[in-house]
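As structure tokens, one chain now follows by itself in the form predicted alone.
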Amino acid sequence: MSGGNGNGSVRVGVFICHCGGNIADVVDVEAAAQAAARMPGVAFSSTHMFCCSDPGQAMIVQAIRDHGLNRVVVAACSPSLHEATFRRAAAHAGLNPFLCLHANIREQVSWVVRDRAQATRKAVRLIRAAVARSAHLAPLERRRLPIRPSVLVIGGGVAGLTAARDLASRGIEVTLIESSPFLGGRLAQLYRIYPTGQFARDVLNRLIREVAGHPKVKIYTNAQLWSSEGFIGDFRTTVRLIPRGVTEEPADLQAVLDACPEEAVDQFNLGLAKRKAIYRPYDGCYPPLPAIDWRTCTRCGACVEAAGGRGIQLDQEPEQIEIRSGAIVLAVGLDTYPLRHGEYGYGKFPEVITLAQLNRLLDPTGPTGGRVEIRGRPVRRVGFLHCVGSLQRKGVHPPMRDGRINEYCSRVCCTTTMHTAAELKSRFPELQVYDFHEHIRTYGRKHENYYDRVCEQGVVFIRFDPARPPRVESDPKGEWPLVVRTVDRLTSGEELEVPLDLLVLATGLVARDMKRLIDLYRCSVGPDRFLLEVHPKLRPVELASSGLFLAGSVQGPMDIAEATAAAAAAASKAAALVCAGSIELDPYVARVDETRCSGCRICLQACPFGAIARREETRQAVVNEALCMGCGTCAALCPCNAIQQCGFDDRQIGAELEALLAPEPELAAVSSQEAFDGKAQGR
């Protein structure tokens, strides 16, 4: 229908979507369209079953051309879903896409208001506000920024290596930095991986060869992230390189290791062994050169003497380098749950270890040569305890050191436990294995097969009451190192006493301390302390700050297959960005009116993105449009009203508010029946 109130200069077209029945079952869209046609400036008003469909978009394009519309208001679902769709339609009709406004009458009306008449009045009010604002819209142009054709990958675990490999295979220059002296992360500490049963180090070494041997990849280990500046397309990252201390392979490495008098806890073997201050975690590691642990080394010179004075430099100093890149991939991984002393007997009894430590014991190159023994004694009875540091409950589990309670499931622990139990029973059939659990969640495809397999192998499952977790005590009879007391919910609920030689705690997975990373890149953080992507469906593996991507378990607990898939997705997005050569950004940036700016610096302090600086010659604020994210904080705080945000200036917002606060709109016949009929209630 055509409106009769066009003012000659502004000609607004209003298009109201039925959204199937999502909107039309609740809102009287025809009455809303009639009300819109009578609004000042409206030259055309219509409805469509699905405005986002191809026919719906074609109807909008045709109406713009036929009626000479120079503003468009679409009343439909959330702008986050289809605002870009309707802007493309407006552009196809020759209209500046930023002269198109989107009013949300689904999530804000039909999904939250039950009465049909009230819903229709609210929808009309929102449409009226959008029409009033549209009269003050101005054409805007997207910002175009050049992209430096290189990517920085932070983290040298399986996710970081996968991202680097995929990027390099597309011909993109990649710089990979790793904070430790060696690549591989947690994958290097595993023996076998599920579901393939492959040797973890074989998988890792193949991946490292692909990355380290690629001419497009530059690797820095012992590299600490120091600072980062810039913006999408041109990030400038300062990295502090800690000297390795070893510049070439000693002729007799073993003699050098033997000569070192200082020992430290072997973190690679998770505290199950000792190592020297100069060390290699395992044969075949990358880089192959040993490294010096400067926290342990006393610079006595014994290693230098044993090496004949060549290849070892104890006087090296850290240096800083700047890495420039068009995009950044964050792949810093996660940590295992930090057990407190005495928690389920950990640290109190040597016979209580973690699942990760058991993996090191099973490795033939590990501290026991693949033998499962504790303090030199063979193990006959093993218990696995699930959900240590996961699915915690307030009042039942004490908080961690930072006060957190980990209420989430760590996802991979159950399958890892089943996989390890199957490995134990295969290698040591005489072992008696007990599994203490609250739930079993082998969530992956065919991972339930592990549960079936260990059941067939004779593993005994005991389901405990989460309100009464198992207690780990010494055996009062002295016949066994440990006794686990718990209530079995699978039987009669009686208390059981299970003697063990070894108790393995399946610890959960937690976010590592990423405070510096979060501060540098203004990352969004979830309640579980992992980094948040913008949207799991619409913008997966992307941070809100443009040009930053998430790879692997920095987002949350993942197994190796999931981490590599997420890393491949991050690499694909980063590659698409840098290969384009330039990027278009929304024009919603802040602009400074120099005639009003007093140079008070309030906006400089308020901007969360560091996008505002001060021009010293004039002492006035200046906005870096490449960094500005259009949040509007500066515009809201400026005492001189010198800053306006494009697309959201005072005139536009003022007109919108006046229309919202105006008297109740008059409607034609609007049904007063209940909004949710049987069909709507079933939605």
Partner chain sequence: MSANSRKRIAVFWASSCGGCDISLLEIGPRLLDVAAAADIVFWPCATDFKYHDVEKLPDGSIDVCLFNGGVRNSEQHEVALLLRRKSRVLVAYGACAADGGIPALANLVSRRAILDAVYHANLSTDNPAATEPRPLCAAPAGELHLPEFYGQVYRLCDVVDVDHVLPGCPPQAERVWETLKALLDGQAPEAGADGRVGCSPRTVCDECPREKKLVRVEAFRRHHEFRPEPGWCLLEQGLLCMGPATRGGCGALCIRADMRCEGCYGPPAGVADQGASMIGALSGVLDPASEEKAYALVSQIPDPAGTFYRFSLPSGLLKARRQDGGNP
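Each form is matched to the other, and the largest set of C-alpha atoms that superpose within 1.5 Å is called the rigid core. Values in this document were obtained by computation on a predicted structure and should not be read as measured data. Positions refer to the first chain, counted from 1.
Only in words, not in the display: the form predicted together with the partner chain, which the text now covers.
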Legend entry - Single option in 254, 595, 247, 582 placed near the partner chain in the model of the complex, where near means a heavy atom within 4.5 Å: 595
Inset, instruction - Taking 4.5 Å between heavy atoms as the contact cutoff, choose which of 356, 300, 600, 374 touches the partner chain in the model of the complex. - result: 600
Legend entry - Interface segment, criterion being heavy atoms within 4.5 Å of the partner chain in the model of the complex, picked from 603-611, 146-154, 344-352, 327-335: 603-611
Inset, instruction - Report yes if any heavy atom of residue 68 sits within 4.5 Å of a heavy atom of the partner chain in the model of the complex; otherwise report no. - result: no
Legend entry - Contact label in the model of the complex: residue 637 to the partner chain, heavy atom within 4.5 Å: yes
Inset, instruction - Report whether the minimum heavy atom distance between residue 62 and the partner chain in the model of the complex is within 4.5 Å. - result: no
Inset, instruction - Indicate whether the partner chain has at least one heavy atom within 4.5 Å of a heavy atom of residue 53 in the model of the complex. - result: no
Legend entry - in the model of the complex, residues of 607-634 near the partner chain [heavy atom within 4.5 Å]: 614, 619, 620
Legend entry - Rigid core superposition, residue 593 Cα moves 2 angstroms or more between this form and the one not shown: yes
Inset, instruction - Tell me, please, whether between this form and the one not shown the C-alpha of residue 613 is shifted by 2 Å or more, with the rigid core used for superposition. - result: yes
Inset, instruction - Look at residue 642 and decide if its Cα position differs by 2 Å or more between this form and the one not shown after superposing on the rigid core. - result: yes
